[in-house]
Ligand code: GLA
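Quick heads-up: it's one chain on its own, the form predicted on its own, in structure tokens.
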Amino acid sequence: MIEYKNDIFALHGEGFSCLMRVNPYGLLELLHFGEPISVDDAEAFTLHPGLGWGESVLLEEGDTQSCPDVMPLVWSGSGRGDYRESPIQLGGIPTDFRYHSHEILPRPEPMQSGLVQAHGEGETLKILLRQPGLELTLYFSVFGGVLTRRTVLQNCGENTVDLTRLMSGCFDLLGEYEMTTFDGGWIAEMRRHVTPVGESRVVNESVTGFSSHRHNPGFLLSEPDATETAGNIYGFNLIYSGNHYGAAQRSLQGFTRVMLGISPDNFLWQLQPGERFETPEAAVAFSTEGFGGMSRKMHRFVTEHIIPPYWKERPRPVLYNSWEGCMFDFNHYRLVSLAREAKELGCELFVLDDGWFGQRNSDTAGLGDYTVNRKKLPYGLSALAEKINGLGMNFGLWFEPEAVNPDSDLYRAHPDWALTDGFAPLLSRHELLLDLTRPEVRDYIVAEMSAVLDSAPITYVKWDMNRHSIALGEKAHRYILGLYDILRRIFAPRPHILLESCSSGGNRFDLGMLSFGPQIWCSDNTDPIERIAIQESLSYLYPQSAFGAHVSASPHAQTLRTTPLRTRGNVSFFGCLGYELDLGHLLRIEKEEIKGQITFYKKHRDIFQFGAFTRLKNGWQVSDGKTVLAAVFRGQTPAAPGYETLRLRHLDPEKRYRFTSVPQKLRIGPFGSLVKHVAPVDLDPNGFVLRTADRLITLPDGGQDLLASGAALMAGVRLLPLFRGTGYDKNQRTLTDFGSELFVIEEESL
């Protein structure tokens, strides 16, 4: 709800209020953004500077209340007395925008630039600010528990204006905060870092041309004593896939100025008379219920207002991806054989990854040539897809449409279509990016992909992009606008195609890409221990239904770490489950375990993908309100471990629940030489008998089944004891290094 009363703007959402006023000097002042309050309480949040602060510049001589440098502002200028970081820069021209008018709209006003924005019903406040020759429009929309902001600059004058910075949002928040960012790189995405915000600016920025796995565009501001369940938290994110900028800095007066938008690095947009420039939309969530409360609001916002409506709460299929199993080495018959095995395990979608087109026998050639490689697929894609459909599976395909290899027919015909900067080309993974700012390039990609997608029954696309950009500033932004144009033209007419975006893993995990496809490949690193950290960090801002999560081989290719198959499955359950390994290398007992994993996942798929996600001290839980699925993850196993507790959350304390562990089986092999102490004969732990037994025989691990109140389970259920070096016992949990467990908690009917 949006109110305007006694010159006060009040925006009320789920669990928050944002109060603003036009002060006597025509500046838009932020009175409050936090806990829900009444518009009638505005006076309690109005600040008075008293005698002021020394040499500060005043808008009116002798009036200490007219000092813009100490006002909590919603928008600030530059060169006119506010010396804090400004959200706008016009090539050295001072900016001094003052209030002119406002409107309250019943729904968001559509963008005109080609950017993406939140969709769905929601009120919008539109405030127009002016200075000579320029108009600045600020948009504020309420979507449930999230406030969105964006900015439009209109050149109403007669001269060209050099726009070098325009932020989507600016907030002056009173108090002390810590800034949480999610940083990293390839196979090491989303490392969580916490930095106190002081008088020196803390910046979260990408300049790679994309949102990047170096610095995710989302970040958090929290009070220093905030926890997972308590304390004031602000979550910020940008509906954009290009270079981004987020910053926080505390002033002497105790205001933390926060802003986010397109990175100003090398940015220069020449705004001609009559033209306008729109920023991406920024999303902000506030919660008094700690990090968990903020995350739940962001998750609902993504599910309700970001992902394509067709995919809202629509179950994602269990897929098998061919890449790790065969890479570039495959043919029609091998793919059909893999599909048959995947179907027997329970997979529902077969995805043919890289290598199906042009001369794509390695990553050195063929990108850009989306004609089927007839040596590998002599019967074409349609015949392959129909064969896989005949097995009872859907068919999906990998593309990398934004890139081109110099060794390709496309590049030989159109070398000028590559993105260049006037210097010698810079290759990454043997490829260049195509210049998506050119209409003919976009037309080519749309035509080629559309022809392929319409040539066969394809229900899934993995859209990959495997390098950074060389485009700077305006060019980088126009590239993203070109990308969005392509995505709209391909997928708007084909909403049934499940689009999973990917960029060397999580190099473009952002709300912009989620606006076109409901899930993103989190990381090329599928080691489950690494994935626990990656997926947990992502969960602060994105729902688990957005996570592409695959079970892969062990030891893992990125870490050489050996992990139990059950842990690889348990981690991947908390996302969109897939398998990516050579199925021919699996033991019979491993195939049986995978069948069990997929059966269990399908039974509880809606909860895993769309249930309320909660981070626990030693694991995760998801819930649909009646059933809770909880996982406990372990690191290396210590000697003589003590007792463990699992403390669940968000149960009804008065209700009774059945708490059961999902059955797990132990292989003989990990017991090694201990077996000879219980066997009637002396057995070589590396010999044929035990190696054969390890392939065929399993033992039940300790299972738990109890009835308890929600209050007791939230206080902390005592788990069965762990292995303590004294032998096998079916009433203990015999977890090896990096073991894990899964529990089902179901409400008991009266």
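Residue positions are given as counts along the sequence shown, with the first one as 1. Only a predicted model underlies this, so the values are computations on that prediction, with no experimental measurement involved.
Separately, the form predicted together with the named molecule exists; it is not shown, and the next lines address it.
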Problem - Touches the named molecule in the predicted complex: W521 (any heavy atom, 4.5 Å) - result: yes
Problem - 4.5 Å heavy atom contact, D82 to the named molecule in the predicted complex - result: no
Practice task
Look up in the predicted complex whether R561 has a non-hydrogen atom within 4.5 angstroms of the named molecule, and give yes or no.
Solution key: no
Handout entry: Contact label in the predicted complex: R429 to the named molecule, heavy atom within 4.5 Å
Key = yes
Practice task
Find the only residue in S78, N155, S504, T627 having a heavy atom within 4.5 Å of the named molecule in the predicted complex.
Solution key: S504
Completion exercise
The listed residue (D409, D354, E448, E348) that reaches within 4.5 Å of the named molecule in the predicted complex by any heavy atom is D354
Handout entry: Which of 651-659, 107-115, 241-249, 457-465 lines the interface with the named molecule in the predicted complex (heavy atom within 4.5 Å)
Key = 457-465
Exercise for the section: Determine the residues of 397-422 with a heavy atom within 4.5 Å of the named molecule in the predicted complex and present them in sequence order; the list may be empty. Expected result: W398
